[in-house]
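There is one chain below, alone, in structure tokens, taken in the form predicted on its own.
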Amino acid sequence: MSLLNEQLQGQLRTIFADMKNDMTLAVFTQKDGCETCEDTVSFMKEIEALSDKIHFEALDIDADQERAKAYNVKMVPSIVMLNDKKEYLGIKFNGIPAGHEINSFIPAILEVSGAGEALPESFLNQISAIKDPVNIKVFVTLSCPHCAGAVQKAHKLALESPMIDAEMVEAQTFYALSDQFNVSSVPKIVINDQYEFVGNQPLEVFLEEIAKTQSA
């Protein structure tokens, strides 16, 4: 069953016309024990069909272990976005980006294609000072209207810094991980599995928490 009706398909074709370069949706699944893998693959193929600049690649987390390690993929389904040079820019979606999360997924496609907007210089200066690796997990639910904004901010930071790996985590699909980090409300942002805050906070808050992870 299609997740996109004809009207939405038309809207997305118009949006994707602004893409600058090609990009790839590399989707990691596994044969057994993954309830949402099939739906995620179907959804990504629907998205691929809407622009000749979007390419779908099917990967298996067990068979393609080296690729999974390179992209820090540890769960399935996981969608890794690659640019036109097949480079990983630190943007991942763990779980199907349906519901409200399409509002973070579509902008991410545009950003990875090179069609994003630049951040103010004050933010770029702070981001350039990041020297130690940073992992940002943004826990979401598909019914959460505020979660996409937090995911977008995390992904934007990843695009601007090779030290940042940012991933959406669909809380209900990955219940054990959500339980590990005591996710009771979303969006919940966890940085380096240690520092955390809740809500679609301003970019300044993300950077303040990231600063705590950096060695003096």
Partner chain sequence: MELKLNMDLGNSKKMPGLDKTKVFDLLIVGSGPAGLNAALYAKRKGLSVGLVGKKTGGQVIDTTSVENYLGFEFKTGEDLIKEFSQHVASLEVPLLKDAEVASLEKVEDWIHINLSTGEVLEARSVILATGSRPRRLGVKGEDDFLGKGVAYCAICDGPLFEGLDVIVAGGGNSAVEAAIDLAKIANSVTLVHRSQFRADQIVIDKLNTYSNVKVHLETEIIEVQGGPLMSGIVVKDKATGETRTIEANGLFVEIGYLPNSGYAKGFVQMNNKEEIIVNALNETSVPGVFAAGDVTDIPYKQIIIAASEGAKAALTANDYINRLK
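Note that the structure is predicted; figures quoted are calculated from it, not measured. Positions refer to the first chain, counted from 1.
As for the form predicted in complex with its partner chain, it is not shown, yet the points below apply to it.
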Next on the checklist: How about N192 - does it come within 4.5 Å of its partner chain in the predicted complex, if we only consider non-hydrogen atoms?
Outcome noted: no
Next on the checklist: Please tell me whether any heavy atom belonging to D39 falls inside 4.5 Å of a heavy atom of its partner chain, as the geometry stands in the predicted complex.
Outcome noted: yes
Checklist entry - For N103, is any heavy atom within 4.5 Å of its partner chain in the predicted complex, or not? => result yes
Next on the checklist: Taking any heavy atom pair closer than or equal to 4.5 Å as contact, tell me whether A211 reaches its partner chain in the predicted complex.
Outcome noted: no
Checklist entry - Candidate spot L12, G99 and T141, all three in 4.5 Å heavy atom range of its partner chain in the predicted complex? => result yes
Checklist entry - Between the options I61, L50, I164, V186, which residue brings a heavy atom to within 4.5 Å of its partner chain in the predicted complex? => result V186
Checklist entry - For the chain shown here without its partner, which stretch in 167-175, 61-69, 25-33, 154-162 has non-hydrogen atoms within 4.5 angstroms of its partner chain in the predicted complex? => result 167-175
